[in-house]
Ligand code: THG
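Quick setup: one chain, the form predicted on its own, written in structure tokens, and binding and motion questions come after.
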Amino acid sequence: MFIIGELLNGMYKEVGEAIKKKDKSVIQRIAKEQVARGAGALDLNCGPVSKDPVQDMQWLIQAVQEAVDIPLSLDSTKANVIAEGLKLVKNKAIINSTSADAEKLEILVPLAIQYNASLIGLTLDKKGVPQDKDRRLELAARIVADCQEKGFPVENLYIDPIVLPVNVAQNQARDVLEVLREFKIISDPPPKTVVGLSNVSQGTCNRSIINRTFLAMAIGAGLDAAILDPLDKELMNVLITSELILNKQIYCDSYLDAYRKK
């Protein structure tokens, strides 16, 4: 599974303060820790309190790239922040994210083509988050069709069904698991799938066990990637073991250590 580390986000107090003070040491430590624990890419988000998100994103990219050589996911709702950030990214970037709205797709799909970046497409439009799997599937198909029309390779597209917290939308977790499978029949080749894992437990009292259980079930449903906390050792153990049971990894008695060393 492709792991995108979630911890370089300005909404976390330590990261927000480091961005504000331009303290590279904090950012680079967190970047190195996530890579050491198995992250294949790092999600960068300046957070909602950034006064100059373009400048902050550029600084964040430069600080991280001084410490680790890894793909970066540029996470912003502002297209200009992503556009300016892409100019500095050395490895293959991930644009996080576009919605299914035409005006978003008109800007972000060409940007992804221009920079040979991967693209995360949210099953979301002006009407908000879908309340059932059929609507999620409809929006995913719209994103896929737009990418195909523009010449963007669908194999570089990740569809995010948008996981909602179980304490406010318990019935939708099952819909997300079901639609992960159905996304695979939209096109040939099919888009990849990704979730923001921590969303499922937002506001709950038992976040860790909810995250772990949902991740295992999502992997069983064919999930390709997740934005998660790679420093959560038990969460990573569940991920590794799920792939083992699905015959994606070779068993040995020390398979957890073997996976991490690989």
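Quick caveat: nothing in here was measured; it's all calculated off a predicted structure. Position 1 is the first residue in the sequence shown; the rest follow in order.
One more form of this protein, predicted in complex with (6S)-5,6,7,8-tetrahydrofolate, exists but is not displayed; see below.
*Asks:* Contact check in the predicted complex: V109, D146 and N156 versus (6S)-5,6,7,8-tetrahydrofolate, with a cutoff of 4.5 Å between any heavy atoms. Do all three pass?
*Replies:* Not one of the three qualifies.
*Asks:* Heavy atom within 4.5 Å of (6S)-5,6,7,8-tetrahydrofolate in the predicted complex: which of A140, I82, A93, I120?
*Replies:* If I apply the 4.5 Å criterion carefully, the residue I get is I120.
*Asks:* Can you pick out, from Q55, N237, N199, Q65, the residue that has a heavy atom within 4.5 Å of (6S)-5,6,7,8-tetrahydrofolate in the predicted complex?
*Replies:* Result of the distance check: N199.
*Asks:* Would D43 count as a contact of (6S)-5,6,7,8-tetrahydrofolate in the predicted complex, using a 4.5 angstroms cut-off between non-hydrogen atoms?
*Replies:* It does: once (6S)-5,6,7,8-tetrahydrofolate is placed as it appears in the predicted complex, D43 has a heavy atom within 4.5 Å of it.
*Asks:* Just to confirm, S242 within 4.5 Å of (6S)-5,6,7,8-tetrahydrofolate in the predicted complex by heavy atoms?
*Replies:* It does not: once (6S)-5,6,7,8-tetrahydrofolate is placed as it appears in the predicted complex, S242 has no heavy atom within 4.5 Å of it.
*Asks:* With a cut-off of 4.5 Å between heavy atoms, is K248 one of the residues that contacts (6S)-5,6,7,8-tetrahydrofolate in the predicted complex?
*Replies:* Although (6S)-5,6,7,8-tetrahydrofolate is absent here, K248 would stay clear of it in the predicted complex, with no heavy atoms inside 4.5 Å.
*Asks:* Does K13 reach (6S)-5,6,7,8-tetrahydrofolate in the predicted complex, with heavy atoms at most 4.5 Å apart?
*Replies:* Answer yes; at least one heavy atom of K13 falls within 4.5 Å of (6S)-5,6,7,8-tetrahydrofolate in the predicted complex.
*Asks:* Heavy atoms within 4.5 Å of (6S)-5,6,7,8-tetrahydrofolate in the predicted complex: which stretch among 212 to 220, 27 to 35, 55 to 63, 199 to 207?
*Replies:* Contact-bearing stretch, as computed: 199 to 207.
*Asks:* Quick one: name the residues from 74 to 93 with any non-hydrogen atom within 4.5 angstroms of (6S)-5,6,7,8-tetrahydrofolate in the predicted complex.
*Replies:* If the 4.5 Å heavy-atom criterion is applied to (6S)-5,6,7,8-tetrahydrofolate in the predicted complex, 74 to 93 yields only D75.
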